[in-house]
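Encoded as structure tokens, the following chain is the form predicted on its own, with no partner shown.
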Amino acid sequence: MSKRKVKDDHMPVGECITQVQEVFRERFCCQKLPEQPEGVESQHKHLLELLKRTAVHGESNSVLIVGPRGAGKTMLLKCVLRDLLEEKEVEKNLLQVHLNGLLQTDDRIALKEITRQLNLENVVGDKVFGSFAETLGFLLEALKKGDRSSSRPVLFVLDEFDLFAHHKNQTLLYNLFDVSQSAQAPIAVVGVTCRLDVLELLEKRVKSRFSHRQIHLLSSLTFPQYAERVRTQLSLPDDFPDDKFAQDWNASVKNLCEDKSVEEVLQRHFNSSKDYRMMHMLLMLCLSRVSVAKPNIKPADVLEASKMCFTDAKANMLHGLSILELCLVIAMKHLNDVYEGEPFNLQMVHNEFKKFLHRKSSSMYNFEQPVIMKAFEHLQQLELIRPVDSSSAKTQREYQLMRLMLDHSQIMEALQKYPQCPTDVKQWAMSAFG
């Protein structure tokens, strides 16, 4: 029998596993847009019509897409843009500027990014402008066509929209909404946010220039739908090269999803977040455990992957602290217990640490004040403690009021896993927690 014939009947397991990894890598990492987004047909139609009015008829608009993480806000916007750009006229004329509140943290950075995305760096050159409004006005003016009578429509997408509301005087938002309202140039401003109360963050003058159009996306996903989605996401397609392997794989996935312990894990993830990206991360971790020796996913793999997804980052940070830093954290927790969560300062923490030292004859824990100060500052840099308010920055460092950002269980878990943690420190921690 020829090699070709053997391959057609049954591929070697190693090849099958490689194919499986390729299929799922593409499925989870290169998310393809659906032909028609499910469950948000009316929102899709509304947004498409709105942006078409700007792109085709030169009418300015502003709108907010609001919904929890994972509800499909970005997917909806991408589907609308894909459908919009299918029109030749729109594809040729529409300019897009995508900003993100996590990246463009102030108006100066945002303006630079707008200039870069509109390819107007050369036009701006070394010009100096008096205000943000002047600069934006100049950029939009520069987009006008040869007869200077009509400007190309520009779509501004502001992801993490609520973060732009924290910029000084909300200058960027004010000017974008002002342009969209005064019809200086055809622009559409689309904000994407998880904050349902986002309008409360806007200043009065900004709010008065916003159209108050909002498109809400609220997840109506049920647990049976979520579990079914997991099963379909883990199933191999009909065109998989080896039919027998695909049938066995899909049968094992069906059994896996019916397993009681797996159902409990999925329920926990569903209750925590309905975000498909979180689901894909869980499934990717499960798939990373598949090999030639173990060619399908077992319930134990799902449990292990779930544990990794829910790993407590702060508790993990504690494993890397020095003994001194760990002792300071225990002293802070002790102060929290004694003073019922009231804020503390370095001096109080140092005094608490000294009480522990007086009970021990060992000189192992004798540290100079500057070393303790450095350790305290490091805990602040790691955001394990934080100042009560910004005005405390003017206070002498030893007396700045702080709060501990860890709870009892996180500290105890870290002590259990801490490599070679001294017994007396563990005992002190146990006594501190009473």
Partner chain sequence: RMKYSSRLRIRRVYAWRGRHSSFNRKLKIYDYHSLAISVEGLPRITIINIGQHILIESEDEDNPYVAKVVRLFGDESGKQKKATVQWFVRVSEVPPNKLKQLGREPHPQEIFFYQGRSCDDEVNAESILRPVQHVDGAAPFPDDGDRDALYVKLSWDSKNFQMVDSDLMDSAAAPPSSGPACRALPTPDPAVMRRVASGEVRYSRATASAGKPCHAAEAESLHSATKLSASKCLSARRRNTTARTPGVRKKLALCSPEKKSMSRDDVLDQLLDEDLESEVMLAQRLSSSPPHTLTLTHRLTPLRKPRMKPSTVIINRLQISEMDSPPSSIRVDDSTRILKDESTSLRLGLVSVSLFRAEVDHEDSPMLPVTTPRSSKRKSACLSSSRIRKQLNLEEQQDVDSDADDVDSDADDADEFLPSKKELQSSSEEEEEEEESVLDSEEVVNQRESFFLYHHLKSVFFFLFGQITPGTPRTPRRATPSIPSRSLPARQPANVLEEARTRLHVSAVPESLPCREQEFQDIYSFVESKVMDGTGGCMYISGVPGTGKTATVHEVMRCLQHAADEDEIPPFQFIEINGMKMTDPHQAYVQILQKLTGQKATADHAAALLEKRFSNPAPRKESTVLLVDELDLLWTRKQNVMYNLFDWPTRRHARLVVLTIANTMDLPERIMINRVASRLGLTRMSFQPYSFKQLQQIITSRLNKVKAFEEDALQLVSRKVAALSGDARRCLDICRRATEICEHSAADRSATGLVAMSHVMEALNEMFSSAYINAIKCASVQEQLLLRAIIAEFRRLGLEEATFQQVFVQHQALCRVEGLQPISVSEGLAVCQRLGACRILLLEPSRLGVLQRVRLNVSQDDVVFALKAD
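The model shown is predicted, which means the values in this text are computed figures rather than measured ones. Positions refer to the first chain, counted from 1.
What comes next is about the form predicted together with its partner chain, which does not appear here.
Only one listed stretch (78-86, 295-303, 199-207, 239-247) carries heavy atoms within 4.5 Å of its partner chain in the predicted bound form, and that stretch is 199-207. For the options V338, L103, M308, L218, the one in contact with its partner chain in the predicted bound form, meaning a heavy atom within 4.5 Å, is L218. Residue-level contacts in the predicted bound form: of L285, L140, L256, M348, one residue has a heavy atom within 4.5 Å of its partner chain, and it is L140. In the predicted bound form, its partner chain sits within 4.5 Å of a heavy atom of R53.
Though the partner is left out of this view, D178 does reach within 4.5 Å of its partner chain in the predicted bound form, counting heavy atoms only. In the predicted bound form, none of the heavy atoms of M317 sits within 4.5 Å of a heavy atom of its partner chain.
For R231, no non-hydrogen atom is located within 4.5 Å of its partner chain in the predicted bound form, even though that partner is not displayed.
Annotation: in the predicted bound form, residues K168, R268 and S409 each come within 4.5 Å of its partner chain through at least one heavy atom. Contact residues in stretch 261-295 (any heavy atom within 4.5 Å of its partner chain, taken in the predicted bound form) are R268, F270, N271, S272, S273, K274, M278.
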